[in-house]
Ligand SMILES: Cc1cc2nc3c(=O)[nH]c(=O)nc-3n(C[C@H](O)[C@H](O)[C@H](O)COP(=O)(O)O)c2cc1C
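Shown below, as structure tokens, is a lone chain in the form predicted alone; questions about how it binds or moves come after it.
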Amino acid sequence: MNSKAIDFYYFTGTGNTLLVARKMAETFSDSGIEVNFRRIESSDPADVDLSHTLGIAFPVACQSTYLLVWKFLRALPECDGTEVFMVDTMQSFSGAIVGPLRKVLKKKGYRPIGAKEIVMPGNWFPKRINEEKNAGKVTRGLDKAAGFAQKIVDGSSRWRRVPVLSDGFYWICSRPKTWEMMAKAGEKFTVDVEKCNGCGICEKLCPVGNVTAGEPPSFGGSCQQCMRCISFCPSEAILVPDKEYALYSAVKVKEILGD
């Protein structure tokens, strides 16, 4: 990489992506590279510093990534060769992000220098949590993150072109209509009023302003299923009727709100 500074824009749901981004930042810092973290949901694409290398980190969702992330990426300013890399976290696989994002960014004038997908513990309504198995996944995932960061520093990372098939997946998975269906699933969230303590953390956590605090909180029609409200509710009061799941989070709630 040519720059000595990285502006690392990230979105994290239950914390997997934040863990990976932090691990990469350790490697960058050890190489004398300044790393500035930016939360995607509270950042203006117009403010991106095109003199710095741009890092983008996010979870895979619907085989692609969240509409709020795509909205940010599509609004990035055009440039003349600003370096960019991406890393995503996923439960198993994706099919509509690596190639399509490379194409979007190249069209805007960015120079893709690396892409990496990292398997981390699943957080999509897990029925049970195997702590030992999850710990192993986290360890392997963070090792891969550190290795990827070192390759970026060394200039040996790659962002390979992905076959045309992924463009078709991208067209389906990143359409607003697709996410309207996801939002309808979010409308099924309910609150156990006997458990809810009215703390308002769910409203603070929601990246799209879909939750209104109250006793109980209420949910709008723009949910993107990031799992924050369910995973970090301190009283475990947010439920999906007739669906059994264990709560999963990779970091503390204060790290999501205040990092």
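Keep in mind the model is a prediction, meaning the values are calculated, not measured. Numbering starts at 1 and runs along the sequence shown.
Below, we turn to the form predicted in complex with this ligand, even though it does not appear here.
Of these, 26-34, 205-213, 40-48, 225-233, which stretch puts a heavy atom within 4.5 angstroms of this ligand in the predicted bound form? Flagged stretch: 225-233.
Residue-level question: is residue 77 within 4.5 Å of this ligand in the predicted bound form, judged on heavy atoms? Because no heavy atom of residue 77 falls inside 4.5 Å of this ligand in the predicted bound form, the answer is no.
Is the gap between residue 63 and this ligand in the predicted bound form 4.5 Å or less for some heavy atom pair? Yes, residue 63 lies within 4.5 Å of this ligand in the predicted bound form.
Though only this chain appears here, would residue 121 touch this ligand in the predicted bound form if you measure heavy atom gaps against 4.5 Å? Yes.
Exercise: residue 90 in contact with this ligand in the predicted bound form, heavy atom 4.5 Å: Residue 90: yes, in contact with this ligand in the predicted bound form.
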